[in-house]
Every structure is written in C-alpha cells, then in structure tokens.
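First comes one chain, alone, set out as structure tokens in the form predicted on its own.
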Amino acid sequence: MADSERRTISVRDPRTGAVDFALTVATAEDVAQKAATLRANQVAWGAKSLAERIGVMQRFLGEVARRKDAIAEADAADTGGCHTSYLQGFITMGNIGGWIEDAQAALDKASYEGPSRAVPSVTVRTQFVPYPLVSVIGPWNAPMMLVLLDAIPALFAGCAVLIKASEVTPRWVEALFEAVAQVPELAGVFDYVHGDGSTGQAMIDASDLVCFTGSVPTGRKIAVQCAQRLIPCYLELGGKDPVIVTADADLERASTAVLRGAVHANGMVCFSVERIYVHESIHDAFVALLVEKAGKVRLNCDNPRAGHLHPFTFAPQAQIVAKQIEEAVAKGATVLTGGKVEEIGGGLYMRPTVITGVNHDMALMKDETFGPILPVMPFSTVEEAIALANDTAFGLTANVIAGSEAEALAIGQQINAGSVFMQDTFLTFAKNRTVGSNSFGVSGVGGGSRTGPEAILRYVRRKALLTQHGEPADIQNDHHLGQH
C-alpha cells in the first residue's frame, strides 16, 4: 500500500485545541510483519540468562536518563501538562531500576528445586518460559507510565513486546524509542505501532498475551477476542473509588487528602476518589473545608508547570463529566464550586467541583467520571457507609480516613477493592515494589498482579521438570498403590 493511501488520524493538542500531530494507522499486515520480526528475535532474547537481560536493561536505563527531559515534555504534550507527565523520565527510570533490583529475587522466590513432597524419590525443578510476544494496548491517561508498567517486566521476563499508545496520546512513543534504538538487543524485541481499535485487534491476533488499560466496553471486546484465541489477557478497566470519612476523623487531614485524591491529574486516574461518604455529624464542616481548599487550586492554563489542574486530555471527556453534573443537578444535587467546562486558549478545563445532595440514583455516583469532581454524601452508621462503598460494579481501590488506624483498618477490611488506603488517599504508588493485589468487580480481569515483585510472573509459564531417582512403577504391581 502506498503511503499516500494509508489512513491517518489527526491528534489534538489538549492545551490549544489545535490539531498539531498526525499518526499513520498500522494495518493488519504491518502488525503481522512486526510481530514476526519480534518473535524471531525473541528466541535469542528469551535464551539469555536473566543476568544478561538485566545488563541490557541497565544500558537502556542510561539512555532513558539521558533523555528524561525530552520524554517528560512529550508526555506533557500528550496530556496537556499533567504534573505527573513532567516526572515521567524519573518514573520510567524507577520502573526499570526497580526491576533490575527485583527481578531475580522474584523469580527465585517462585522457583523450586528439591524432592517431591508427595513422592520423595522424584526431584522437582522449576523452569520459567516467557510468552514469546506480549502486546500492550495503552490508555490516554498517564499514557507512558501505564504502558510501561506492563511492558518493562515483560521484557525482563524474556518476552518480546509490541505496544500501541492511545491514538489520543501518541507523542511520547517516539521520544522513548529514541532511547530504545540505542540498545540494539532491546530494539530487536521492543517495538510499537500506531493506530486505533482496528490496529489493536490485529495485535491481539498476532500475540500470545495481551495487556490492556482502558474502559470496560473496550475491555469486554478484548476479553472476547482473547478468549476466542485461548490466550491470556490482563485488563485494568477503571474504578469508581470511594472514600469513607468517619465521625472522629481529623477534618484538616481528611479534606486535604480527599481533595488531592479526587482532582490530582484532573481526576483522570483510574484510582481517583469519585465518591465521598462523610459521617452526618461532620458533613457540613467537612464540605465547608473542602470548598475552601478547592477554591485555592489553580488551573495550569497560564503555565503548565505551575498550575495544579491541566485540561481534559480527551476533549469528549469534558462533555461526559458535564452531562453527569447536569443529570445530578436535575435530580436535586447542588454544585457548590466549579461545575462548568471552561474553554481557555483552546483547552477545556474544569475547576474542582464540590457537589452535595447526591445519591446512588445518579450517574455521578455510579458511572466512572474521570474528572475533578467531589460528590459528598452523608451517612449515619459505619455499616451504612460500608454498604454504600460496596454498592458498585467496580472494585479497584478505596480509602478510609478515621480517628485511628485501627478504626480505619476495621472498615477497610470490609470494602471490596483491590487496595484500600487508610488515613490518606492515592497511595497506589506505595505498592509498586512491595506487594501485589487483585481488583474486584469489573475493575480488573486476568488474575496475577500488576504491582509488586510477583508481577513478573504474569509473563512467564512455569514448568515443572520431574526426575525419578527410584525404580519406575511396574504395571504388574500398581494395584498395590494406595494400600497400606
């Protein structure tokens, strides 16, 4: 196909609203060719010892370090200047460096060599076999970080990896792959394609394992396609994450933590606080503090590095949020601050929006919002608060702020979520090199964990190699087995 005949997608700058980037959609043939090359190169990559792969990744870490500022600027251009984007160089370095330190110990912990506990004359050994080709399909929020959260451990495991950034936020890919190109062994097993859903479908058809972060509807389609091919898929599909603030919680601490948990990165994080349940005895005082603090949050329209809230990365998301607010107000909710989409310099912004008078009949309290919204609902008893927190199809994270850790822990243990943050919000980064977790409901599918050292086990198949040192069983005598 001639280049002039290839389909292209225009990409909008979230700060200016202007179309300033275009990507060429990879066809199924393009994907198949890249997949074939990656598979061929993976044979040697998978045959390397982990120590050898670590050596290659150490060189990659050095190349990323040299380009950390350019990587950050590219991610920020994609998101509209999210504060986290400017840290992406360092976050990527931490991701690679963490696996350099953790990969061997994680695999060693899952390994076994010794006698069978069931048949002592048999020796059992573990072998890890990487999936040849892993495809990672990324979202438009935190676009680089969430792709590499899956891609990096897969590379350490010995897989080849093909990635596709969201067509909404594709700019960061070239910046990262300038570093990849400087490490030939890695460049042979780590590649990318650009495109939309059709490209993603072609990737699934060419892969042995798929990782996807995004919406529930798209996740369902991916799960079905992977099931038809009988290949594993790991899906992170968002959340509607609650926070419970009990009667004796410290109001200053609670309001500070809840505000950040709800509006950091413009609320466009899968584990953002989206439902706030506050004991009725402190509801009004808590709301007053929240409104006061929300009023001090700055937009970054004048300086992307100085403000707190960046524009909506994906323009249609602004209207999704506005529609939820409109429906809630029509059903009796009250907007105390914010609540309007503001177009500034071509970017679409919304200030922190505190809303009261909400209930579970409103989409604002049921559907994922992905915006800087703080809907506050009173509760009477802890049992009621737990029931409200669990009244959802999602189950990614939750938060509890109470008068003591013991009180918060007792509540957190009853909430259906993969991670529960006590006495603060937005603590998911604390898990990364420490512990894994599993999501509840539709927030995550596929088993295994995306965080913690054991995450590398997602990308390998564990074989058991068994050797008989005694005499083999004789068919003439096997009727005695089990008799004492």
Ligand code: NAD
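Because the structure is predicted, anything quoted here is derived from the model rather than measured. Heads up: residue numbers just count along the shown sequence, starting at 1.
The same protein has a further form, the form predicted together with ligand NAD, not shown here; the description that follows concerns it.
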Since the chain is shown here on its own, which stretch among 383 to 391, 120 to 128, 217 to 225, 94 to 102 would lie within 4.5 Å of ligand NAD in the predicted complex, judged by heavy atoms?
217 to 225
Please check if residue 450 has a heavy atom lying within 4.5 Å of any heavy atom of ligand NAD in the predicted complex.
yes
Using 4.5 Å between non-hydrogen atoms, is residue 326 touching ligand NAD in the predicted complex?
no
Is residue 139 close enough to touch ligand NAD in the predicted complex, meaning at least one heavy atom pair within 4.5 Å?
yes
Looking in the predicted complex, any heavy atom of residue 310 within 4.5 Å of ligand NAD?
no
Find the only residue in 197, 403, 332, 115 having a heavy atom within 4.5 Å of ligand NAD in the predicted complex.
197
To verify the annotation, which of these, 367, 167, 407, 185, has a non-hydrogen atom within 4.5 Å of ligand NAD in the predicted complex?
167
Establish, in the predicted complex, whether 201, 239 and 443 all lie within 4.5 Å of ligand NAD, using non-hydrogen atoms for the distance.
yes
